[in-house]
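Next comes just one chain, in structure tokens: the form predicted alone.
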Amino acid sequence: MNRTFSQKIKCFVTSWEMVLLCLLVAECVIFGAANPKFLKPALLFNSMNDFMSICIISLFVTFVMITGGIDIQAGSIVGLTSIIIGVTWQDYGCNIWVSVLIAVAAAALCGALSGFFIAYCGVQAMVVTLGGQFLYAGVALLVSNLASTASYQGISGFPEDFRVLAKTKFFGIVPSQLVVFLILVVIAYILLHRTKYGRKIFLVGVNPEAASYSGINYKRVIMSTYVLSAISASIAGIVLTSYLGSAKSDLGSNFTLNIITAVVLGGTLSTGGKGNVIGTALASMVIGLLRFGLPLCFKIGTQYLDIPVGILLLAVVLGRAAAGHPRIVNLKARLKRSKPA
């Protein structure tokens, strides 16, 4: 039986997503009080361009982690996508949109390769994607050596119809990157929470053997999540290249910590079987605003911003470990039984 509207509202109010929403509001209040410029719509929306790529990738890394895996190679695929677009357009004369398609195809191939080793060869996801992080970063450097432009300079001068992809502002204020992110949130939500494919992902994360007995090709499902994650990284690379107007092989090299933190903070279990796209979307915004607000309002150097993000990740992991401790579980059960009916 479907839940009533009031039951759905009560469920949301007591959910982790509500906690994340409160964190977002708290950030706006604290940072706004420290520096009123933070709450200026134009500045706030423009700041989103700097972390929207992390938000985009986090959505589909959620799929990977629900299956019990992990993806730390996405940042390298961002750089690989960017430099492939630049080199194929500038040095090989491809149309810019053909270059984009080539870059997406290359990223999907990277995801499929890593996914194959994890799903079909039984190699640990951490080992494969760590290797992939170095491998794809190295491939990106090799591709950059094919360019007539020095790698440290980056490839620029892209056509205006490509630049407009990330420069457009709807209603004169809402950046197109945010619109792309919201569209991907809807797509990811439908895929994960409203399709058979999504149910297969959750079942594989809970118990791959049970999924196999149910007639699910769990290896194919696992591999597909890495392909989706890689494609999302390529979309982030396309948007970031368009926004910066420059293609570089090292774009996204510092994304990994923020992506994993966003997914874990969003409610996805590192052991798999549980996760939520909306939670990840909200958590990625929490991290993005944190990275924007601290330098602006409290003059914290950008080189130190990984510290609060790392603390946030540790706090969430330790908090979940404490919540799952038998004594805490038994205490919560006793408190629940002691409540009047």
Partner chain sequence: MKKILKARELSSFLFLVVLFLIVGILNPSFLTAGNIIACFNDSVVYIIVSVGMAFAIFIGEIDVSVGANLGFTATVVGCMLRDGQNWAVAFLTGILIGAAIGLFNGWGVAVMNVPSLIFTLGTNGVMRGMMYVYTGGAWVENLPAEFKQLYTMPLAGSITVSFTVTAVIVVVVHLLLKHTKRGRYFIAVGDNPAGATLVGIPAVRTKVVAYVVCGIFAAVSGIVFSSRVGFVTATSGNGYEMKAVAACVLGGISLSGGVGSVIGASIGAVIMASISRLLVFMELGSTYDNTITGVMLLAIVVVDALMQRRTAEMNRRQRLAARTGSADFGKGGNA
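Given the structure is predicted, the values throughout are model-derived calculations rather than measurements. Residue numbers count along the first chain shown, from 1.
Only in words, not in the display: the form predicted together with the partner chain, which the text now covers.
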Study note, to complete from the structure: If we test each of 26, 43, 311, 34 for a heavy atom within 4.5 Å of the partner chain in the predicted bound form, the one that passes is 311
Study note, to complete from the structure: Students should find that, of 104, 135, 216, 185, the residue having a non-hydrogen atom no more than 4.5 angstroms from the partner chain in the predicted bound form is 135
Exercise for review: Please check if residue 304 has a heavy atom lying within 4.5 Å of any heavy atom of the partner chain in the predicted bound form.
Suggested key: yes
Review point. So, in the predicted bound form, is residue 48 in contact with the partner chain at a 4.5 angstroms heavy atom limit?
Key: no
Exercise for review: Answer yes if any heavy atom of residue 120 is within 4.5 Å of a heavy atom of the partner chain in the predicted bound form; otherwise answer no.
Suggested key: yes
Exercise for review: May I ask you to check whether residue 61 falls inside a 4.5 Å heavy atom distance of the partner chain in the predicted bound form?
Suggested key: no
Exercise for review: Would you confirm whether the three residues 128, 260 and 270 all fall within 4.5 Å of the partner chain in the predicted bound form, going by non-hydrogen atoms?
Suggested key: yes
Check your understanding: So which of 185 to 193, 82 to 90, 140 to 148, 222 to 230 is the stretch with heavy atoms within 4.5 Å of the partner chain in the predicted bound form?
Key -> 140 to 148
Revision key, fill the gap. Of the residues spanning 43 to 68, the ones with some heavy atom within 4.5 Å of the partner chain in the predicted bound form are 65
